[in-house]
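Coming up, as structure tokens: structure 1 and structure 2, two forms of one and the same protein chain.
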Structure 1
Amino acid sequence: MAFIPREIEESLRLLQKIPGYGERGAARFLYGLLKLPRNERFELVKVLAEAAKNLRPCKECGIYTDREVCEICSSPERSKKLLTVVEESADAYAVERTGKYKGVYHVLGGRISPLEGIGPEDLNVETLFERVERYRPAEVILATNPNAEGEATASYLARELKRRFPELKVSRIGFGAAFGTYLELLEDFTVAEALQNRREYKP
């Protein structure tokens, strides 16, 4: 429409390329940004540009980092005998905030969702099996979100892990939160409790 500035139209179009951002989400982000004081707008845009330029998935676990191998994977203080599988980097950061976890992560890059056409082949699943083969962890913790897609993903991974590695202990974190929530949105205490109260998965 002629009366809408080109910058707004282009910004909304590009923002909708972000997964999970529809027309309304894109509009909320853009107009919220424009309400900020001018200097804060530029500061945010600068930081986002730096993030887009410098951040990339760790070649080992998939978490977003500014180096080839993230600090967690390269730290001698982290045990590769405990491997927690999460959907996204944000979920790993949620666990990290608790300060209670000393293992490493594996980021799937999403979750199985047949309605969206997302299957195991679209996620970092084969690399998970390769890492389990390489490191032979004592336990793999499935920390996918407590919703239908997260449960389906955990169930699939548990079956495949037990089929390929029969002696491997596979557990599922125990959520005290309502079904349908997201790990990254939970309070640190709740995430810590979920890890503490994990149960062995029986696929």
Structure 2
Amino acid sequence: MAFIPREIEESLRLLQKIPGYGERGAARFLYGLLKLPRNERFELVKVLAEAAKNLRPCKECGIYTDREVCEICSSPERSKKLLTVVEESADAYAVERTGKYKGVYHVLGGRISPLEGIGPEDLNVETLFERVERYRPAEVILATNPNAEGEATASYLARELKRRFPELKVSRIGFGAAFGTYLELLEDFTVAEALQNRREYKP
């Protein structure tokens, strides 16, 4: 009879549900976790449990939050006249870390990818149009990732926004960043530059 602790078998099985995690990735995570000092191990699983339990998409903008409507959407200091569209929450946090942004966000939940069969109907695009209709922002900044799919998504959104709201200013983040990287990984300074150097989108 084989004696493998249930916690090991179950952890390895469930870890493989995480996108991009195969056998090796699951093992690397689990045994890495078990090698941490006891207190760090406990701290990590505690906060992961809190994240899994407390966080959900903001009803308004889609950012992960521990409340119904996130702190950004409900802050009187944040202007709904400036709306930045990002692929994922992580991208919005990258902008937040610059400390320079005073508007709100809209999380698409991905990007248009014909190769993966992801079209606008699979993303939070209709709710973007609804929010623009409702808040009539002065400007929408398209901050999808600076790569081919992010560009295609920005191009699509710019066209559709202009068609629906001809007076709306639609801009794209400035390319301070090298094409092909991820917004979420850029230095704060580069993200700030890119926001500063945004250009009006003329589809």
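Just so you know, these numbers come straight off a predicted model, no measurement behind them. Throughout, rigid core stands for the largest set of C-alpha atoms superposing within 1.5 Å between the two forms. Residues are numbered by position in structure 1's sequence, first residue being 1.
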With each form of the chain shown alone, which structure should be assigned as the form predicted alone?
1
Does Leu168 belong to the same rigid part as Glu139 between structures 1 and 2?
yes
How much does the smaller rigid part turn between structures 1 and 2, counted in whole degrees?
18
In Å, the rigid core superposition gives a C-alpha shift for Ile18 between structures 1 and 2 of 2.8
